[in-house]
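One chain comes next, on its own, written as C-alpha cells: the form predicted on its own.
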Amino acid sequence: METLAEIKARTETVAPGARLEIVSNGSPSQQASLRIDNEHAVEIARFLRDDPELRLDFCSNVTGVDWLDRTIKKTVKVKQVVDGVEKEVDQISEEVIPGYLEAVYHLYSIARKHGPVIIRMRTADRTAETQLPSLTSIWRSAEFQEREIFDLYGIHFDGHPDLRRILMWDEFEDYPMRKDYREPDDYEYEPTPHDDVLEKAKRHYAPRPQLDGAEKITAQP
C-alpha cells in the first residue's frame, strides 16, 4: 500500500485547493493520520473509496476526540549579548491553542486487503461551531457511529440521514464524553437507581414525615 505521504500527494491532485496535513502519533502504535479539511471532505472520501489503487471501501469505526484549551511551551534558541559577549540562549514562549472536537475514521480495503488509513476532521471550536460534514454517504457503516459521536460529543454531522441521539434519551442535556463533563446528582430519569446512584438520587427525594408511636401502630398493615 502507498505511504500516507503518497496518498496525501495524490489526493491533493484530485481535490485542488484541499488542505491536508499528516498528523503524527507518539503512541506505541505510531499510526499517523491524515487530517482533511471540512470543505473538501466528501470529495476526498469519495476518492479514497473509489481510487483503483486504494479502494478504501470499508470504514471499520469512527471515534470522537475532545481537545480542551491547552497551552504549549516552545523553546527556541536566540542570540543575546551577555556580559558583552553574544551567546545563544534558550527562550521559552507559550502558545494557547483553543479547544476543538475531532471525528476520526479508520478505513480499510476489503478488495485490496490493506489498511488502515486513518483520516480525521476538526471542528472550529467546542461550543457553537461544532459542525462537520457527514461521511455516511460514502461509507454507510459510519451512520450509527456518527450518531453516537453526535450523542456523546455534540458534533453535528451535516448531511447525515438520521442524526438523533442513539444512547442517551431525548431529554438528556450535555455530552457525557466531553472531558469537562460533570455528571449531575439529579437522577430523576434513572428508572432503577442503585448503589452510589441511589445515594445521589436520595438527595432529591421528598422527606418522609416523622410518625409518633401511635401513628406507627396505626400505620402497620
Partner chain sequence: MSLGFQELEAAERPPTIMTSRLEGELLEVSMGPQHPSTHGVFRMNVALDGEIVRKLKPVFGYLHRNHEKIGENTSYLGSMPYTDRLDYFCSMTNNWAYALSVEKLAGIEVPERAEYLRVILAELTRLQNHASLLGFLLSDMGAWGTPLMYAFREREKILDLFESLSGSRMMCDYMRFGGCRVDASPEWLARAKEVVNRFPKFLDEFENLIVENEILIARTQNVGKLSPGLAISAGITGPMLRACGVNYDIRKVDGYGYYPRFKFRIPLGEHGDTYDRLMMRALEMRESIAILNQAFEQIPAGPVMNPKVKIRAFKPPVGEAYGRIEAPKGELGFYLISDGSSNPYRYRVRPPSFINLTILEDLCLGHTVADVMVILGSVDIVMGEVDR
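Note that this is a predicted model, so its numbers are computed, not measured. Residue numbers count along the first chain shown, from 1.
The next section is about a form of this same protein that is not shown, the form predicted in complex with the partner chain.
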T63, heavy atom within 4.5 angstroms of the partner chain in the predicted complex: yes
Residue contact check: L54 to the partner chain in the predicted complex, 4.5 Å heavy atom: no
I110: touches the partner chain in the predicted complex, heavy atom cutoff 4.5 angstroms: yes
Close approach of G159 to the partner chain in the predicted complex, 4.5 Å, heavy atom: no
Interface residues of 129-146 toward the partner chain, as seen in the predicted complex [heavy atoms, 4.5 Å]: I138, W139, R140, S141, E143, F144, Q145
